[in-house]
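In the structure tokens that follow, the same protein chain appears in two forms, which are kept apart as structure 1 and structure 2.
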Structure 1
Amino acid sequence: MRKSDAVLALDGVGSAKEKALKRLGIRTIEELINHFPRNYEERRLVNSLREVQDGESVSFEGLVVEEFRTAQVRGGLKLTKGKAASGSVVVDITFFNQPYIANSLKYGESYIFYGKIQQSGRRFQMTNPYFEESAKREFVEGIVPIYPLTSGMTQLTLSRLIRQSLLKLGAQEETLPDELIQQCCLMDLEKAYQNIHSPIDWEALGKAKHRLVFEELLCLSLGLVRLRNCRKQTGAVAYAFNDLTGFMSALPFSPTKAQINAIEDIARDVQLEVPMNRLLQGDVGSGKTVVATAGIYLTWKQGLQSAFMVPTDILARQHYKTLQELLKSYDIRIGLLTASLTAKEKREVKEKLKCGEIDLLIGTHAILSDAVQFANLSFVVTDEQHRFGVEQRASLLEKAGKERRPHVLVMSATPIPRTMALIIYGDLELSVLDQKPKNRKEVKTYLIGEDKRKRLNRFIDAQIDDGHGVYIVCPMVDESDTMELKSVLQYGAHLQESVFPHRTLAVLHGKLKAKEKETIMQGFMNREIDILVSTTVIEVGVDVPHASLMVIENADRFGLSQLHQLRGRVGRGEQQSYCVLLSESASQQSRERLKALVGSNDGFQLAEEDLKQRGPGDFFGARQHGLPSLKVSNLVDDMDVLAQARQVAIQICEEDSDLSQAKYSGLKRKVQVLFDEYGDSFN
């Protein structure tokens, strides 16, 4: 058997199991053995139940001394009960709603049961235990892996399929060079796979994990170091002009100290031939756009082109307007490029761009298309950088041509710890906007239930009477789900007809044509629309300063960082703004999440809270930082391994930057797999 074989090659896998595996992202044997346990359970097989504490989970060997029988009780509940004897102890065993079990546990036969022992007086009980025939025991003793599952797939089946694969694969070829294994004291690959799936003991499991984490983070670092080296080899244009006094004094507001510092950082960087690589971190509403605009202005003064990439169509169109306004005193020619333009419009923009008749191109990832060529790209801004992958950002840099690199500014409201940012972006510099513009009032946040709906509606009316705009956001998990869309549309229609007939209301969602979205956004901006009912398409970046109220329906269905982003759509002007979270959820977890939001307006603090509540795996998932998704490692817990792996990656790249030596062939393939897979998920 080979790693590239399809899972159908395994005994016991037919089309149903194949489908279930596919739902877990598993098509090949290689993907199957890379499906790692999410947890482990130590199953201790005891000789005597008398030594076991009440409430302890153990395995014991028991002889069925009373036949298992099923009885129907109230509410359709089916109870299957029987008794098993272990020495002098008799255990009452009960299964809920699994009547078929009565047939698999035979009177007079011996089984190993695993479960939680409950003792009361002399009575021993176990409910819904896991069991195997004594003679064929597999998973009742030692450290047992617990895998992430999907419907149609059980722990037992999955564990067995993985064992079968490892057995049939036989000796696995080592991916790391011997000297590296020695140098870093790593477990060899085959042993690591054995022990991650069927650990001999905790120590071996620890070593197996370390080996696999190290390898994965080494591949990640190798990919990133190579991207960085590409960038470093060539220089950027050193700008001669860096006088910003005119630009600053023409701004419609006086910039905050933090904005001035960040702008000065950029003005300093672009004077050098070393390409700038700067991350601008600032909470929602801190005013990142104007900082980027300063760099664009300097680039234009130098007679060179800038590109400004944003994740959504709405945002591209909004920035197009904002930058036109901020730069209106200058003769800067601005172009817009999104997938939603007509073919003719696109062609025109591309032609102008190529012959240098556009100084600044604002657009979505449509900018990345091969057909888009710049005359002299020299300054690149990526807004809401976490929405893009590292490779997407890299391919934008290539637009500057082979001989030169652009200066790069990435902007984000997602706080990433500095050490991690360093590793992700290479040797980047950091500017932080830790101040909000003056005259901003904190957004007041309230958590309410349906009982307050009438009061909320009166409040909405009052806000509109005062000349403000109102957002009502409805959760839609999947922008392409027609059922969900229907309910949002129906809800909008209901509000318009029955609750706010005297107001203008529009519904904004991902399925609308770009032009329709723009008309609606424009109407809201111009105060022709009072209430904007929207899905999360407005989540990032949207800036309508007179909007003062953000109502979030079913708020418990959103994550904390997302809620904070949504709330960031208000409080962008001088008026007092409000965020109202509607939730009927009684779940402890979602209450805590929503209370955290009510209690804090600080994005950095909320991100930490989010990290605590969701765990690093989720929080720093690929969507958050644009990195390939990792299988065994997580960037928070494995930070020190990451630092070590990065050192090794730098060494390897110095020795053999293309990984062309035979000893690196296994590693090279793994780097490709890691980065490819991730490329797909972003296309």
Structure 2
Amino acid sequence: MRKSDAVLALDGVGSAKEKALKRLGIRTIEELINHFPRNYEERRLVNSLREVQDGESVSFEGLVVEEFRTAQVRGGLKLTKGKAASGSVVVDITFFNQPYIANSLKYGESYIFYGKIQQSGRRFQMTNPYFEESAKREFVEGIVPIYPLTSGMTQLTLSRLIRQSLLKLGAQEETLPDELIQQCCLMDLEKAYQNIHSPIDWEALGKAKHRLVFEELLCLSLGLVRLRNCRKQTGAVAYAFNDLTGFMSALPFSPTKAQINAIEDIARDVQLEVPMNRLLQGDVGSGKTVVATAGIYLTWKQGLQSAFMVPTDILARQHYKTLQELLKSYDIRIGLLTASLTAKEKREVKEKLKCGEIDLLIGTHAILSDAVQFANLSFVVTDEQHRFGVEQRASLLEKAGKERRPHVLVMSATPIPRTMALIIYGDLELSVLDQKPKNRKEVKTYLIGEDKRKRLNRFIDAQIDDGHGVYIVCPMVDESDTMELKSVLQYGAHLQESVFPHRTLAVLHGKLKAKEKETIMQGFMNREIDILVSTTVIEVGVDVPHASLMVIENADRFGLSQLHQLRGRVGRGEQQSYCVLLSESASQQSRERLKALVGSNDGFQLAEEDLKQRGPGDFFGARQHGLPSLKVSNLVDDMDVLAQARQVAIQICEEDSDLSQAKYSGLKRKVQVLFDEYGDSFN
């Protein structure tokens, strides 16, 4: 059997099981053996149940001494009950809504049962235990893997299929060179797969996991190192001018030390013939736009064009006004291109851009249209980098022409721990804005329950009386039958009719057309709207200096980083601003998470906490952040392995940048497989 074979080649896999496996993302034998356990249970077989503590999970061998029968009780619930004897102890065993069990457990036969024992006096009970015939004992003793499942697939079936696959594959070809295995004290690949799925003991499991984690992170690191090297081989325009003295002195404020450092990074990068590829990471309100403007200024002085791409129409128009103000001292011709422009307006912008009559184009995804052609694009800025897919970013870069690449600055207001940033944007250099302008007051944050609702409403009224705007954020657009969450539509109507009939209120959500969103947002910015009830569509970038209060309903339903982003919509002016988190959650974890937000305005600190609590999958969200999906590694727990893997990857690429040597052929294939989803090729 080969790893590329379809799962249908396995004994016991028909169309139903094939569909179930496909729902787990498993189509081939290779994908099956790379479906790793999410957890493990140590199932201890006890000789005497009298030695077991109440509530302890154990395995015991029992003889069925009372037939299992099914009875229907109130509410349509079906109970299947019987008894099994283990020595002098008789255990009452109950299954809920599993009537077929009555035919599986036969009177007078011996089985191994695994589950949680409950004791009440001399009575022993077990509910919904896992069981096997005593003669088989496949899944009831030792360290048992627990896999992610889907409907139509059980733990036992999946485990058997994986074991069958490993048996039929036989000896597996190594992907790492022998000297690397010895140098890093790694378990060989075949043993690693055996022990990740069927560990002989905890030590062997640890070594197996370390081997597979190392290999996966090595492949990730190799891909990113090679990606960076490949991009450096493409030429870029080296700017002859990088004097920013005039630009800095013309700014209407004194930049922070962090901004100055980032601007110097850019000025140094654009002097090289290697394309700049830099991530500018800064907390909300840290002044990323000013840093980007410095690069645009240098590009204009060189007689070249810049592009500034943002995810939304509102944000594009905001940047258009901001950059006009920042660059008003210079004869820089700025164009705006969004989907909401008329056909005539779009045509005029495209013609001027192609003829070189526009120096800076600000726009949304509309910039990516094939009809958009630059005369000499040399500097590209993308704001909220993670909102754009890999292919979208690549198509923008290609507009500089095939002969050269533009210098690229990607900006993100989503604080990501530095170690994570090196992975998610592993092919970029990193500049961090970890300071805020001096005139910014910290937003005061409070966590309250429904019992403080009337007091909150009075506070909202007081803020509006003082001339300030108020955001109220809800997690849903429509009412839900399954979750009691504040719905933006129904809740907005309730607030207008029953709570704030004397105020001007508007509702903003993602299902509105771009023109409608723009009109509402403009009304809020012009103080024509007092209260904006919104979904998280206002999360990114929109600047309303007079907004002083952010109220977040059902705050426990949001991640820490997202809450911090929402909080960043206020505190943009000189007045004191506030963020009020409303939650009735009884979950201790949710309360601790919200208290962390109350106690800190440091987005990077909160990002670390969010990453620990929710893990990298939820933290980074969709794959188009650019991070290839990992099967066995955890970027929180495995940072030490990652550091080792990165160092080894650099050494390998210094020795063999193309991985063309025979000893690296297996590694090269795995790097390619890992990065197929990423959108880059390493062949």
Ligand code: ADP
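Reference numbering: structure 1, starting with residue 1. As the structure is a prediction and not an experimental result, all values here were calculated from the model. Heads up, when I say rigid core I mean the largest set of C-alphas that superpose within 1.5 Å between the two forms.
Trainee: So which is it, 1 or 2, that shows the form predicted together with adenosine-5'-diphosphate (ADP)?
Mentor: It is structure 1; that copy is the form predicted together with adenosine-5'-diphosphate (ADP).
Trainee: Core superposed first: is there a CA shift of 2 Å or greater at Phe500 between the two structures?
Mentor: Yes.
Trainee: 2 Å or more on the CA of Glu174 between the two structures, with the rigid core superposed, yes or no?
Mentor: Shift at Glu174: below 2 Å after core fit.
Trainee: Is Phe253 one of the residues whose Cα moves 2 Å or more between the two structures, with the core superposed?
Mentor: Yes; Phe253 is a residue whose C-alpha shifts (by 2 Å or more) between the two structures when the cores are overlaid.
Trainee: Check the Cα of Ile266 between the two structures on a core superposition and give its shift in Å.
Mentor: For Ile266, the alpha-carbon shift amounts to 3.2 Å.
Trainee: Check the Cα of Arg458 between the two structures on a core superposition and give its shift in Å.
Mentor: Arg458 C-alpha displacement between the two structures, core-aligned: 13.2 Å.
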